Each structure stands twice: as structure tokens, then as C-alpha cells.
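In the form predicted on its own, a lone chain appears below as C-alpha cells.
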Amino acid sequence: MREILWFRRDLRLEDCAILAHASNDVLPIFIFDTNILKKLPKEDKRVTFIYHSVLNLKQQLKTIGLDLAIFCGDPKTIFQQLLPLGFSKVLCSVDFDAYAIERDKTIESLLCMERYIDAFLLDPKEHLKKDGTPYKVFTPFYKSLEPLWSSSYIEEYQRNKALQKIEFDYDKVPTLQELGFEEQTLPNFLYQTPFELLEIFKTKVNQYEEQRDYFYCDGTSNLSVHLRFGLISPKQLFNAIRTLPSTSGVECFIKELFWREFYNAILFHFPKSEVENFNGANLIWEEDEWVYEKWINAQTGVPLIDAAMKYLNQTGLMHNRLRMIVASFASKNLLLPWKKCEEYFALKLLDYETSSNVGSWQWAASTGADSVPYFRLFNPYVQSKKFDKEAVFIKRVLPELNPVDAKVLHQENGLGNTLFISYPKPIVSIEFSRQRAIAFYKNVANL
């Protein structure tokens, strides 16, 4: 029996479903999918990260007597080329975004597929309310999973050590340039392994609940990119944190892992929410291209928003609290369509994950599952004062504001009275836009 092991979001050897369930002779493969790549700019940092992660996986597989065949192209075409080699099936992890679903349907028409829940802790189709319907609110969803999140260990997949690689040309590896991309410099922590980052995080996890909101300091795990592409599994991460003494920080982090599970379940059960308002609200969003361009180019005149967007554009990173503040400002103060904004994040975020990103944007726009009430808006000036009193983050990203007293940066129009500092005027008044947003939402059904 010959099997294809299609690595996708599981770029690791341990707790790897396909390495556990495979039998006999195998062909491990990775496909740089041109249907995805052709939509990305040549400077996309994620491709650099994935490319080197794939090469590292190839070396790891060699240490256990296997190898990795690396392809670039349309998955359908590649599988058609592999079919004459007599494979009985393909094993892979499952993904739930619209493109992945259609891609897998196509491949399944050519070859039997076995898909495994590998990038998440839960199989969303198996976790429902007592009446058989999916959860739409996080708290009851989370409470119903107490036996899981309070457990000390979740069983991990054990690799089948009897696997044999089939004869194949494993030496042909496309260069990054042949893929159409340029090598990019990544944030320093992405040159560390997930397990190195995990050891660092263990030393500060007790302060996680308090520190995670302060975007000027390094209070998070820095593991979201590695988790997104499967260099570490959610079970491995859960188990590592559960070995620590229970503290508010540990419990808070575990809960965040289950927010990720919740949004994945929402996308699975309500696939249209990827492009439509989850709650069915009929909102006619502003289509002001000038405002949108100001937002994406960090020229809104609001220091915190501009710093967050500039940092995203430069690094592909944005702190979680900044994502909430920025999303609230864009969808409510600027009345930009959440889906258009979400697509921009999809283009830029190194850790972009459809379910979490769509869920978070719909949460901020008050159109999603268990979303923030429509009348609640984050005031960016209040947020910057509360979570970065000395404006460390703002000044780090916008060095032209270094001479300005931090108090001024936490005041609306504060920079307007500052001599010798040239900075864009705010494109919208916070109070005016707040009232406008409330009026915009107020009479809409399903809110």
C-alpha cells in the first residue's frame, strides 16, 4: 500500500496525525500552491518563513529515514502527475476556509483522502449543544469543554516508526526566487524554534493575564505564527503550559487557545460568515477609498492607529489588543466594510488564520458571533494612555514623535498645538464618528 503524506499546516514530526496514521510505503510531499502564491506580493514575509520551515521539515524527515518531495504548482495538476505511481490514498490535515474546502473536493475526486483534525484541539462537527445545534456564544462553549481544558494532558499522536519512503526524486527543490519571491528579513523571534519560544514564555506566563494587554512590552507567547503553520501543535502547546502550576496567567492563556477553537467552529458551521455578516445585519458600509487608503497607509492622524498600521506593514505583526482597537476604529469610527479590512489583514499578517481573523473582525464590527455590542467603541486615545502610558510603542514605530510628551499623544488633536512637529490631522473626530456609528447601527435588525 502506497500513501501520499501531504504536509500543509503540520510542518513537524511530533504529534503529527499523518505520520501516526500512515502505513507502509509513503511519499511525503509539500506543495507551494500557485493558486495562493499568485495573489501575494513578491515581498511577502510569510513565504520566506514557510519556505525555510519546509526545508527544515525536509531535514527532520531525513533523520527518521524519510524525505520530503517539494512541488510548486496547482495541486490538481500535481496529483494527476502522481496518480500513475499507484497510490491508494492521500493523508492530510483538514482546513475549513472556503478555498481549502474546494481544493480538497477536487483532489478527492482523483484520489481517496483521509483528513485529520491536526491544527486544532476539537473536531467542530462533534462538539454541539444538547439540541444538536452549534454554539454561537463563547462562554457556554467554553464551559461545556471543562473536562478538556481542565485536564492535565491531551493525548498526542504517536509517530509510526515503521514507515518507509518510496523511491522518488527528492532532490529537486525550487528556490525562493523560482517560486517568484524575494528573501525577506523576519522578526528576530521567528528565527527561534517554537520550543525555544515556549521555554521563554513559561518564565513569564504567570504574568500573562496582566501583561498581555500592554502592547509596548513583550508579554505574549510569540507563538501564533508557529501555531498557524503547524511547527507546534495546539496539543503540544496546551500540554506544555498545563505542566506548570495553575495560576491566573496559565488559565487565561488556556482560555485564549479555546477562543481559537470557538472561531474555527463558527467558520465550520457557518461557512458563509467568511464573507457575510454572521448575524445577518443589513449594514450598508461606507466605500470611501480615500479613508481606506489613509487607514492602510498609517495616515489617519491618530498616533496609536497609525503606529499599529505602520508596524503591521513593516513587520507583518500586530498585538492582539491593537487588533481590537484598530478593527473598532476602522469598522466603526471610519465605517469601512469589515470584510475589506479583514482582507487587508489577510494580506499582511504573518499569523493570518481565516477563522480567527474573520471572527475577530466580525466581533469588532458587531456583526459576528458573541460580538461586542454595537454601541461600544474603543477610544484609541484612552487605550493608548491605559496600555502604553509613556507612549513607548508609538514612539518606537513613529520616531518623529519622540520629542513629544506622551501625554500629548494620548489627547485628541494634541499634536495640533505642537510646534516643529509635522503630523497629519485626524481624518475624523472621535466623538462625531462615535455618534455617527451608533446612529448607523441603531436601527438595523439583528443587532
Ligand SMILES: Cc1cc2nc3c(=O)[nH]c(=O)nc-3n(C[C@H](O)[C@H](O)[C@H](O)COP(=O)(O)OP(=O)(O)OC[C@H]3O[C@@H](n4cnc5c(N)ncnc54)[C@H](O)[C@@H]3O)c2cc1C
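Residue numbers run from 1 along the displayed sequence. Please read these numbers as outputs of a predicted model, since none were measured by experiment.
Note that the form predicted together with the ligand isn't included here; everything after this is about it.
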### Site test, 220, 224 and 357 vs the ligand in the model of the complex, non-hydrogen atom cutoff 4.5 Å
yes
### Partner-proximal stretch of 180 to 188, 83 to 91, 318 to 326, 270 to 278 relative to the ligand in the model of the complex, 4.5 angstroms, heavy atom
318 to 326
### Task
Check each of 97, 256, 74, 156 and return the one that places a heavy atom within 4.5 angstroms of the ligand in the model of the complex.
256
### Query
Just one of 351, 370, 251, 104 has a heavy atom within 4.5 angstroms of the ligand in the model of the complex, so which one?
351
### 4.5 Å heavy atom contact, residue 345 to the ligand in the model of the complex
yes
### Task
Indicate whether the ligand has at least one heavy atom within 4.5 Å of a heavy atom of residue 263 in the model of the complex.
yes
### residue 295, heavy atom within 4.5 angstroms of the ligand in the model of the complex
no
### residue 135, heavy atom within 4.5 angstroms of the ligand in the model of the complex
no
